[in-house]
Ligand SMILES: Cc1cc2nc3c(=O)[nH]c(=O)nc-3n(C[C@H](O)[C@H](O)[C@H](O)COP(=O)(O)OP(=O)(O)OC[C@H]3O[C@@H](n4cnc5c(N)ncnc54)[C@H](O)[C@@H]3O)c2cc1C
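In C-alpha cells, one chain follows: the form predicted on its own.
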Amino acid sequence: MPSDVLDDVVVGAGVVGLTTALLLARGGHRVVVVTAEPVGGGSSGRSAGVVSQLHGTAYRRLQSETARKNAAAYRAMNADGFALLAELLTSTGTAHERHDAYLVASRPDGAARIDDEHLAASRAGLRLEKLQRSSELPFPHHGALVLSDQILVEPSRLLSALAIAATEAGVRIVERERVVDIRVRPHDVSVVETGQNEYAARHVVLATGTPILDRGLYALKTAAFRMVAVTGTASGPGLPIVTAIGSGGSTTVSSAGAGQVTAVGQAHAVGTGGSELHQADRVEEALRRMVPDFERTDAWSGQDYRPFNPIGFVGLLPRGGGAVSFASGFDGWGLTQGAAAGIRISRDLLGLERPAWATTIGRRFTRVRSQGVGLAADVRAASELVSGFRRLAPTDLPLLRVGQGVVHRTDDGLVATSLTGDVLRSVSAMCTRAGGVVVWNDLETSWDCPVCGSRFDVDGSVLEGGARGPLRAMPTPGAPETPARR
C-alpha cells in the first residue's frame, strides 16, 4: 500500500470529477484526480458545450414518473450547477457566450409536447416563456419555449478552467492512467490501482460516467447511449441555442459568435442503429432545415447514460461501505447536472449541510412506470448478447476497406477485425465486462458493446465504459496480401 494516504481519489476528469475535486480541495482535503484520457478527452469534452437549465422535455417526463417535489428539486439542482459554472467562467475570465435557449417543435404533432413541457416546468418552478410569434425564429416551427441568458462555451475551455482552478486549490491531476482495480476497504484506506501506480485514500469518487465497480447494479439501472454531432460554419446570422423535437428524437443546435455551428442528435443505444456516419448525415439534414448554408467540417459522437429513474444517481455506491461515491445517468445534460453532483458529493464528504434538493432527490423512489422502462431496456440489452451470434456471416476479409470493421467466426471463436490506417488488426469480439458481441463504430473507428456500453480501440484497449480489461489480440485469418483498398 502507498505510504502517502490522501483524503480522496477522484476517478475521471470530466465536469463531475473536476468540480468535485475543486470543491473538496477548497474545503481542505488532499485530492488526486486520476483520468485515463487527458483533461477534456472524455464525454464532457465531446459535448456541445451547452450549459442550460432547459433540458428538452425533461419536465414532461418528470411529471409522469415522479412526485412534483422531485421535479422541483431537479430544477433547484440544475440552478445550483448552472450558477457554479457561470461563476467559474466569469471569475477565471474564460471565454463564453450568453444565448437564449429555445425548445421548438419541428412537426405539428410536437406542439402538444411543447405545451406539456411548459406546464410541467412551470409547476416545478422553471419559468419558461412561450413564444407568441413564429417569426422570432428564422425557420418554420410549430410552437416554442424560451429560457433566457443561458451559456455556450467550448467544452475544452470549460474543463481547462476547472482543471486550473482545481490545481491552484491543491489538486493533483494524473492523466493517461486508467484505473484497473479498486480495493475498497470500508472505514479504512482504499487503494486505487492503475496500470502504473497505486493511490491510497480514505474515500474514492467514481466520476466515470458509469461506475466501474459492479455494485448496486447501476449498469442495469442506466442505459448507455450515444449522440452524434456535426460541426461547421455558416455565413448567415447565428441561431441561439435551439433544441428541436421531431419524430426522430431531438436535435440541439448552437451557434458561436465566430460563425461556428454545432448540432447534436440521433440519440441511440450504444452499438445499435446502424452506421454512425449515416446518422451524422441525418443530423446534418436536421441542421440544414434551420441553417440552410451550413458547411460541415467535422463529425464525432459522444456517450452518456440514461437513467431508468428520471433523475440521475448521485451519492454513496451501494455495498461500498461508505467508502465510494459516484454519479451517473445525466441523459445528455451532464454539464449543469455534473456540476451539481460535485456540489452534493463534496458537501457530503466535507461534512457540510446538504442543499435541500439533494436530500429530496436522495429519498425518491422509482415508480412502476420507470421500472418498466428499465426492464424493457435490460431485455433489449440481453437480447443483443444472443442476436449478435445470429447476425454473424462469413466475410471475405480481403474486401475490407479502410475504416471498416467486421465480426466473424474463426476456429478461435468470435473475432473482430478492422482496417484502419492500412493496418489490419484482429481482437476478440467478446466484451470483457458483460460478454456481449462488440459492434463496429464507423464514425469513431472503435468496437462498442451493445450490452454494457463499454468501448474499445482497434487494438482492443479500453476507451470508455465499465470494462477494465482490454479485448485480447487474435490472429487475423485471410489477411490481404495486396495494398489496402480505398
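Owing to the predicted nature of the structure, the values given are computational and were not obtained by experimental measurement. Note that residue numbering follows the sequence shown and begins at 1.
Although not depicted, the form predicted together with this ligand is the subject of the following passage.
Contact with this ligand in the predicted bound form, defined as a heavy atom within 4.5 Å, holds for exactly one of G320, G405, G143, G332, namely G332.
Screening S250, N309, Q150, Q303 for any heavy atom within 4.5 Å of this ligand in the predicted bound form leaves a single hit, Q303. E177 belongs to the set of residues with a heavy atom inside 4.5 Å of this ligand in the predicted bound form. In the predicted bound form, at least one heavy atom of S47 sits within 4.5 Å of this ligand.
The shortest heavy atom separation between V34 and this ligand in the predicted bound form is within 4.5 Å. When contacts are judged by a 4.5 Å heavy atom cut-off, A13 counts as touching this ligand in the predicted bound form.
Considering this ligand in the predicted bound form, the lone stretch of 278-286, 352-360, 177-185, 95-103 in range is 177-185 [heavy atom distance within 4.5 Å].
Site residues Q266, L400 and L443 are none of them in contact with this ligand in the predicted bound form, judged by any heavy atom within 4.5 Å.
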